[in-house]
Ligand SMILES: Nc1ncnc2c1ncn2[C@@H]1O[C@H](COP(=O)(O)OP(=O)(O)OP(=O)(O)O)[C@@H](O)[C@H]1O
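Presented as structure tokens, the chain that follows is alone, the form predicted on its own.
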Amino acid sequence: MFIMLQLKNIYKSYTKDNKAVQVLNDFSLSVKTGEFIAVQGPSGCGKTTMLLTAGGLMQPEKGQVLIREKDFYAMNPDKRAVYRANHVGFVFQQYHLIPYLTVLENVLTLNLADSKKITREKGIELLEYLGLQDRINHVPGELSVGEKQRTALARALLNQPEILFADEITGNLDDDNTALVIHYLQEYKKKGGTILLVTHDSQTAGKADRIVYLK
């Protein structure tokens, strides 16, 4: 099986009160194509930092991030953004939906960076698949927490990414919405998608092929 993602000897620290706080210390991880990996660990251990680094959104101080053997951080920022738009999906813990855009417009914001320009019809089709057909013209302030999460998931899946990064994708959801989101993740995996997911939720982690624990 092909290696989709490799993190090689990653180091990342933050500065707090003029002192360096080491978050990732010689961290390495390989993710195979079609694999679903859940990452768990206590708060503050570096899970989100690892995910942002893996997704091309936070450059490490040392180490390499390879997606399909391409060095993410060897690309210039513009090329990296286009590559992410075409090959990577990202679901953030706080959704990052634009408050004055409708659900459909939020999903289609991918077109700002995507060279392929995805059609409005494709966005509507995906929202219908995620059960949001009655919310297409609503703004985020009119949505439930579960609907916001599914909107964020729709935006991440719109470009049919090769790999999906997700940060606490079920952390704020009730049991019914958690089950729905897990179902959509499993369907994405069945179609060949690769998932790297940070979660505190044992139900979500239990669906993964492998669990990685950070300390």
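The first residue of the shown sequence is 1; numbering continues from there. None of these values were measured; they are calculated from a predicted model.
Below: the form predicted in complex with the ligand, not depicted.
Peer 1: Out of the stretches listed (151 to 159, 35 to 43, 66 to 74, 183 to 191), which one is close to the ligand in the predicted bound form, meaning heavy atoms within 4.5 Å?
Peer 2: That would be 35 to 43.
Peer 1: Report whether the minimum heavy atom distance between Y14 and the ligand in the predicted bound form is within 4.5 Å.
Peer 2: Flag for Y14 set to yes.
Peer 1: Within 4.5 Å, heavy atoms only: does T48 come near the ligand in the predicted bound form?
Peer 2: Yes, T48 is a contact residue.
Peer 1: Give a yes/no on whether A205 approaches the ligand to within 4.5 Å in the predicted bound form, heavy atoms considered.
Peer 2: The answer is no: A205 has no heavy atom within 4.5 Å of the ligand.
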